[in-house]
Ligand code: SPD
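Read the single chain below, which is given as structure tokens and is the form predicted on its own.
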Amino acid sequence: MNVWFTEQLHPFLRVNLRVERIVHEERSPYQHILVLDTAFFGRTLVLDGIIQLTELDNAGYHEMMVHVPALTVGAPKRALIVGGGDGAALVQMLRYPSLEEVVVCELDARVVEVCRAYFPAFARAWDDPRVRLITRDAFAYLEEQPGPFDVICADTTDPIGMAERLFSAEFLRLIVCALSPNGAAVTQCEQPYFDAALITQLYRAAQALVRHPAYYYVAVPTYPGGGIGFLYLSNQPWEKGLEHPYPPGENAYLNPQTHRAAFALPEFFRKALQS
């Protein structure tokens, strides 16, 4: 089978994966959902034509999104995942024995149902009694002030359509308002080469909200440009996470060296954030 899936999130770059099999395809009330078996990268989730995760390289994204803020807190008891209907971030969050509740606020129930059916490595997490799934718009949910949460991870899609509101100063404010005093949050925050203006705008907003905002960046080969960044929000410095042991289970990407190195930004981008 010589079929290729092509993603063109940016007008000047394409990402191509060789497809071995179309596993599932549907249009939910919110988006087009596609599950593929791909060469080398394995099973792949695509939403509205944009790659969300592959079996091979998702650990770089999900481990670094969840454990950077959770390790800062140390022993989180209550957590919120915004989006994350595939269950991969949830798997990482549930590794913390201290957790009493994880709320997953996912807009599209069909993403959860499809991923439970076709991504068995993540499916079992939904059966954990500590998990509470809320299928609704996360922006409206946070406006109701459902905190406090010790850890918040905004595992969002890209800033297109309804998701644009999730890349705003107001959304950051809602997240910070929902944090416990010593809590930490991380939001998906795009790519320094392609989205420097948006990231800088959000970083400026974060500086007005918390004492220790930071931006960090990880390698994910199937994302445009080969990586993705995160905005860290907390009144505690991210370095505190280096003092705490990892939760039970194995890491595929995170270690003390990748944890620290993720915050070392290329010079052009470091200057942009500090200008």
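Everything numeric here is computed off the predicted structure, so don't read it as measured data. A residue's number is simply how far along the shown sequence it sits, counting from 1.
Same protein, other form: the form predicted together with ligand SPD, not shown, and the subject of what follows.
Proximity of residue 70 to ligand SPD in the predicted bound form, heavy atoms at 4.5 Å: Because no heavy atom of residue 70 falls inside 4.5 Å of ligand SPD in the predicted bound form, the answer is no.
Partner proximity in the predicted bound form: residue 52 to ligand SPD, non-hydrogen atom cutoff 4.5 Å: Contact with ligand SPD, yes.
Close approach of residue 188 to ligand SPD in the predicted bound form, 4.5 Å, heavy atom: Residue 188: contacts ligand SPD in the predicted bound form.
Close approach of residue 182 to ligand SPD in the predicted bound form, 4.5 Å, heavy atom: No, residue 182 is distant from the partner.
Interface stretch in the predicted bound form with ligand SPD - options 203-211, 234-242, 33-41, 56-64, non-hydrogen atom within 4.5 Å: After filtering at 4.5 Å, what remains is 56-64.
Contact check for 102, 147 and 150 against ligand SPD in the predicted bound form, heavy atom at 4.5 Å: Contact check failed for every one of 102, 147 and 150.
Within 4.5 Å of ligand SPD in the predicted bound form: residues from 80-98 (heavy atom criterion): Stretch hits: a single one, 86.
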